[in-house]
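A lone chain, given as structure tokens: the form predicted on its own.
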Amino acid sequence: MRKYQPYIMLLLLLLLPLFGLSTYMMHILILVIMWSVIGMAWNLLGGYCGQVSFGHAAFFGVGAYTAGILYFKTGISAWWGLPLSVVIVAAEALIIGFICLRLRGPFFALATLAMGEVLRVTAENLRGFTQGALGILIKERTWVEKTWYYYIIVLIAVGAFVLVKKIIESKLGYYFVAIREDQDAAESLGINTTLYKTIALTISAVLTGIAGAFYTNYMGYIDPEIVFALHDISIITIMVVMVGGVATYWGPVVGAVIMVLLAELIRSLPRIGTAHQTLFGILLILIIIFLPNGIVGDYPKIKRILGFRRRVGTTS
């Protein structure tokens, strides 16, 4: 049954719009799938290769602005920003990797965080190129109805899932895991750790950048505070993976479902304001304490607990 799980999931995704879901429900599904893509991208670098990044907003933002600037400056459809973002974000990742991958552990994490903030400030100040804080508005929307946006992000997500799975099950994936477990030992075995970390960073960045380019087309408006946001992009990306399960295939999907639904629930509550960040922080602490491997990673543990409680309830 587990062998056919991805195919069943894909079939369900393809059939969902046929059930006459409301516009709001379609919007939630699109956000969940988009965050799944970003989570898969981060998981490849942080989960499997062990390079914890706090700066994935840098890649998301550059991908988003690639599509936005292409439309704003040339009038070409912003959808061409998706293939173009592959080239632009890959070049960005190589530059950031050259600077940051010399560092390890928390130093690498802080360096990536700094890169994200540098790009946000740069986008705010290059007013002639990025429109600064005014942002970029896509006036000519391709579709008003959300079905086609849904199928496009499903296609991107399926491609990302297959790519990550193929990489992790290949020799490249074994190199990534070796670097994560012990970089010095990997180097002693002749593995070029800098090269493979750069490959992991570039693939992760490109997938995130494609999600950013899709976001521009879907939402129709971007500004630096939205697409380069540390808390709303970089931190939420980490939470998606941590909640769902680090270094698992389905962890980012489960984490995206939980985080998007939780965000919508909190947004519907009155007088919460920016307190949602505090609630997210509490959730992350609880996950780290009780489910350090995330929901998917600790699923057997959850099953044992639930099974024990069920037996206790039956006997009583």
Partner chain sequence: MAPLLEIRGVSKFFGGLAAVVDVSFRIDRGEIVGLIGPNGAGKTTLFNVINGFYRPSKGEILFKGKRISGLKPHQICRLGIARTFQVVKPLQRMTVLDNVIASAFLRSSSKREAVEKAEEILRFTGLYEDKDMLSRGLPLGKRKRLEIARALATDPELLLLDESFAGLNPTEQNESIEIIKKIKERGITILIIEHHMKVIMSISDRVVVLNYGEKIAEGSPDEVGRNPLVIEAYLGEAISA
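Residue numbers count along the first chain shown, from 1. Source: prediction; values computed, not measured.
Beyond the structure shown, there is the form predicted in complex with the partner chain, which is absent from this document and is the topic of what follows.
Residues within 4.5 angstroms of the partner chain in the predicted complex, judged by any non-hydrogen atom, belong to 180-188 and to none of the other stretches in 87-95, 197-205, 180-188, 222-230. Contact check at 4.5 Å (heavy atoms) against the partner chain in the predicted complex: none of Y71, T74 and K139 pass.
Listed residues F108, Y175, F161, Y149 were compared with the partner chain in the predicted complex; Y175 is the one with a heavy atom within 4.5 Å. Using a 4.5 angstroms limit between non-hydrogen atoms, R102 is distant from the partner chain in the predicted complex. Contact annotation: K171 falls within 4.5 Å of the partner chain in the predicted complex, judged by heavy atom distances.
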